[in-house]
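Just one chain is shown here, as structure tokens, and it is the form predicted alone.
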């Protein structure tokens, strides 16, 4: 398994190296002039402010919601938890479509009331759309941390005379630090790499500017430089998260078992808590479904339109399904090296695979465009290069569950098979693979779901005329054709919701 693992791991480095070579193709003076121009700094400020705004809004949405579902006597807490995760099935560009559909002369509000309201756009529109999609990442992390937090720590602090506010700031928040940092990191990486929301909201962040520069300029050196700067910003955020987390210890050191979670009675705060939960869920779930359903009813799609949705679905699946299978096959040897083989460099190969997920999709797409044009021009604008991009970008998603499962399988099973005369490859597939089959399928399904709704890689790398569901939603929304975009957006939401529902129900049975 060493050779395919090395190929898969180093494969993530190829577009990065080629992007750097393309960015510094010109002379040093030209590079300095492009990097130090005023527009570059404006893009940097816009991107950082957008990330900060989304992090602030998602924190306000996710942290109280996680506390209410774990520590309070809120009714129907399990259903609230499930509904709080479902927004992951609604891509950010679909949320942006729902927000944009509300306003304008032909918007949803105008169709119902006759009153024209302005369309959300720019910075605040992008912050709202991205936060409504990404807050579940932080919610899941904080909720898991609250479930694992020992209430005896809080009781000890109160017995020492600390007020409720001091208990929160000195006991609870420090224990939630890893969960907050993990959630913020995932959200930051998504915001930096997002293309659909900032493009629809017409907000000039790095990703949108890279696309504009690539599509409109003859000399694409500046686009390569912007991509490299965005990649550097992403790696800086990853390094900062590790630095802030440090080497602090968060495990219990005392004897005895952990205390059960103490439920706080809301009492007079109950109406405010109900209103808060309703506001978050209506904004994240109610708004997209209401807008999509209303457009379907106000302008019912014709039979030809539904046939077009079916054709787009088939095209989407024709690249997403092979990408998911190839990704799982590439993830197995890397996970095996990380979990079983004590070999110098195996850890580096695993980290290279995770680097592919950290590369902003726009930067990765642009790197593969440059690479294919200069090195393998016959791959340019083919579904093959699109599948390769999917594999590089989503490889880390499949490695996680496979590696965790391999760590739980005793190595002696393979050793026993080898002692009975099986060669190592056969021993693995007869003893270990049946025990990790479900995690492999889960990783494949996760990659399939993400690939089905992926936009920037598809938009920049797909062959001319190869329009997926995501591309159809984006192009029609950007042209103001809200009713025409509704059936394609609804197909994405229903397909993704099916996967999220299956995962949640599976966890519930476990």
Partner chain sequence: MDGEVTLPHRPKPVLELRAVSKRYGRSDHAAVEQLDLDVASGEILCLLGPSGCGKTTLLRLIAGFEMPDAGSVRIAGRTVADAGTWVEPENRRLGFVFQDYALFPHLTVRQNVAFGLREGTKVARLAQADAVLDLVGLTIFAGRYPHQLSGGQQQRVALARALAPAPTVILLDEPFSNLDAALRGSTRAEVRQILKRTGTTAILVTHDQEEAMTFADRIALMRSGRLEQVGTPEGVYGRPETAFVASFLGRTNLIRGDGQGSAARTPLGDLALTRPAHGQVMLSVRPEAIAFSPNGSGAEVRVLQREFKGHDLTYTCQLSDGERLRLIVQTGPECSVQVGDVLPVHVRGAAVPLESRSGQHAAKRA
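Please read these numbers as outputs of a predicted model, since none were measured by experiment. Numbering follows the first chain given and starts at 1.
The form predicted in complex with its partner chain is left out here; the points below concern that form.
With the partner omitted here, the stretch from 312-320, 429-437, 123-131, 233-241 that lies within 4.5 Å of its partner chain by heavy atoms in the predicted complex is 429-437. Interface residue among 419, 384, 215, 111 relative to its partner chain in the predicted complex, by the heavy atom within 4.5 Å criterion: 419. For the residues 297, 423, 303, 160, the 4.5 Å heavy atom test against its partner chain in the predicted complex is passed only by 423. Of the heavy atoms in residue 285, none are within 4.5 Å of its partner chain in the predicted complex. Remark: residue 73 does not count among the residues lining its partner chain in the predicted complex, judged by a heavy atom distance of 4.5 Å or less. In the predicted complex, at least one heavy atom of residue 413 sits within 4.5 Å of its partner chain.
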